[in-house]
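Next up: just one chain, as structure tokens, the form predicted on its own.
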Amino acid sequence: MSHNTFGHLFRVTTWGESHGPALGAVVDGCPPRIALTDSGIQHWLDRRKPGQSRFTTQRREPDQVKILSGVVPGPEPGSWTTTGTPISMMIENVDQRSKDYSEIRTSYRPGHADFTYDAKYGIRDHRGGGRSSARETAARVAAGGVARAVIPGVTIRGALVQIGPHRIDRSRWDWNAVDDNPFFSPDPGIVPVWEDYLDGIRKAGSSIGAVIEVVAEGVPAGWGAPVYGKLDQDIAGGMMSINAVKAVEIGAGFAAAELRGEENADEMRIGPDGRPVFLSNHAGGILGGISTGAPVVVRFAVKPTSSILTPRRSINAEGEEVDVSTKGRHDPCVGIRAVPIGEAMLACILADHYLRHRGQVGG
């Protein structure tokens, strides 16, 4: 009933709080004899860690992951082989500033989970939001590093496609550009627009939302299950579990409502290798809850950061009306660092469905 675990065969449990001594993840169900490396998992955490540009929180966390169990040393230093037992990973918190939250110890930030946590549990960790903080997602990214090693032949990449009203130009999409700018943008032309826009948002003491797109290529046809074990069902649930996510769409998503049947249906032909080829991908690589072999495409929208300097009307735990403004170090757009988080969640869900598929039909 604690709901800190997701997955069926590839199961991930995260633990820890934003301002506690550490946080981490336990991955259970990882097959034995999978090769891992410290640097391989650390790479994904380095992409997510804070303080890498003026457009993210200036909290300085190295996010150095430590693998505590479930592996034996490999042939090279920093290499490991999984044993099939639970893999526990820990990430220490080293740059907490809990005093920044002293003024909101009993006040509820509008748009934040302060009120709902108090309503459910009768207690909350005001220091950075505790479990409701996006800091929890560092543990998911570590688990995603393990998941990537489990899935054979699958490439997972994410990109930021919209900040506020400003969208990328999809005709300029270049995956190679994603790691060459602070926004994970596949469109280099939008970068100066986003820089100017976010500088204004930040100086105004406000925040803004964003849209992230994650694509998995190499997923074969057949993963998933009909009705209650749908691949897109689990992807949607996984993405919605990310902090601040308020909407998810697969493939054409909401735009499918504007298409005619002949436009939306992905027509098929036989490719040079004798396998089916889809002439479009409005379905996002999933039909009837089962992968088609086309790229799996998911987008999710992230709301503006709730911790902002702009004063807003609220109440406190004593039932008094108050004005709330939040001091401290916060992302003006949490969507930026959500890119590696979305990748990690998709990796974990695909690893789970790969193992479920293998367990039911073999292969």
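Just so you know, these numbers come straight off a predicted model, no measurement behind them. All residue numbers are counted from 1 along the displayed sequence.
There is also a form predicted in complex with a small molecule; it is not shown, and the following applies to it.
**Student:** Does residue 292 reach the small molecule in the predicted complex if we count a contact as any heavy atom within 4.5 Å?
**Tutor:** No, residue 292 stays farther than 4.5 Å from the small molecule in the predicted complex.
**Student:** Taking heavy atoms only, is residue 49 within 4.5 angstroms of the small molecule in the predicted complex?
**Tutor:** Answer no; every heavy atom of residue 49 is more than 4.5 Å from the small molecule in the predicted complex.
**Student:** Wondering, does residue 312 line up within 4.5 Å of the small molecule in the predicted complex on heavy atoms?
**Tutor:** Although the small molecule is absent here, residue 312 would stay clear of it in the predicted complex, with no heavy atoms inside 4.5 Å.
**Student:** Should residue 162 be counted as a contact of the small molecule in the predicted complex, where contact means heavy atoms within 4.5 Å?
**Tutor:** Contact check for residue 162: no, nothing within 4.5 Å of the small molecule in the predicted complex.
**Student:** Which one, 169 to 177, 183 to 191, 130 to 138, 75 to 83, holds residues whose non-hydrogen atoms are within 4.5 Å of the small molecule in the predicted complex?
**Tutor:** Of the options given, it is 130 to 138.
**Student:** Answer yes or no: in the predicted complex, does the small molecule come within 4.5 Å of a heavy atom in every one of 113, 242 and 341?
**Tutor:** The answer is yes; 113, 242 and 341 each reach the small molecule.
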